[in-house]
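Take a look at this single chain in structure tokens; it is the form predicted alone.
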Amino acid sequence: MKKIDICLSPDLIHQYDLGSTVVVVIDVLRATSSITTGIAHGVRAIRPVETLGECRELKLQGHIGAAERGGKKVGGFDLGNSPFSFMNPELEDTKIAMTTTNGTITLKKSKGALQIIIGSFLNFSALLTYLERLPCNVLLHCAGWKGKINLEDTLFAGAVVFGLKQMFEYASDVPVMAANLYRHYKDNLKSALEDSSHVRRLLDLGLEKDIEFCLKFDAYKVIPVYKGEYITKMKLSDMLL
């Protein structure tokens, strides 16, 4: 039987065999939510990079530059990490170079997987529909915060496990723990996260609107897929079915 597991931090990813696994990268507040939003609004491709220097160089080469550190947009770049900034009609059919505190590092550390896709509450049902039909193992890779486990990504991973209704064998205790966490809080996600460190960090920056949007289920039907150096909208030819 195919298996599902959860890596709670990119610092733990070395413990997992990625070669025959589809990896779902999760950074709901806010990188994977922003990526999903951008792709849904017609951005042609997003290139995740780890450093500000790489992002700056790609900006000079004609990419739109998106850079965030510590929840804040970095000066000198076009975008930060708010999903609302990725809704701009002027971004349609453009290429974006993106670097964030946690999400883009997690994407890079997922390299070597059979396939890497982007998960968020915003594309939750589309993601589940794809995952339940896969013939292979799945790993939910949580971005966390600077190597530490965080609540919102664990909660989302639990929502995925809960939504798949035991269609996968659990590869460890982590899917059980995360699914139980989601089951307890599923009717009020906002209250589950109100004391979490990153929610408090974003609230201090006046980003309550971002938080509320990122916790919205099924705003979009797209699945962004990371192949080569770019994230693009999944096409039929990309599906491993």
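Here the structure is a predicted model, which is why all the values come from computation and not from measurement. Residue numbers run from 1 along the displayed sequence.
We do not show the form predicted together with (2R)-3-sulfolactic acid (3SL), though everything after this point is about it.
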Checklist entry - Does Leu189 reach (2R)-3-sulfolactic acid (3SL) in the predicted bound form, with heavy atoms at most 4.5 Å apart? => result no
Checklist entry - So in the predicted bound form, does Gly163 come within 4.5 Å of (2R)-3-sulfolactic acid (3SL), heavy atom to heavy atom? => result no
Next on the checklist: Contact with (2R)-3-sulfolactic acid (3SL) in the predicted bound form for Asn102, defined as at least one heavy atom pair within 4.5 Å: yes or no?
Outcome noted: yes
Checklist entry - Trp145: heavy atom within 4.5 Å of (2R)-3-sulfolactic acid (3SL) in the predicted bound form? => result yes
Next on the checklist: Exactly one residue in Leu193, Ala45, Leu58, Leu202 has a non-hydrogen atom within 4.5 Å of (2R)-3-sulfolactic acid (3SL) in the predicted bound form; which is it?
Outcome noted: Leu202
Next on the checklist: Within 4.5 angstroms, counting heavy atoms, which one of the listed stretches 118-126, 133-141, 163-171, 94-102 is next to (2R)-3-sulfolactic acid (3SL) in the predicted bound form?
Outcome noted: 94-102
Checklist outcome for this item: Residues in 24-43 that come within 4.5 Å of (2R)-3-sulfolactic acid (3SL) in the predicted bound form by at least one heavy atom, in order, are Asp27, Leu29, Arg30, Ala31
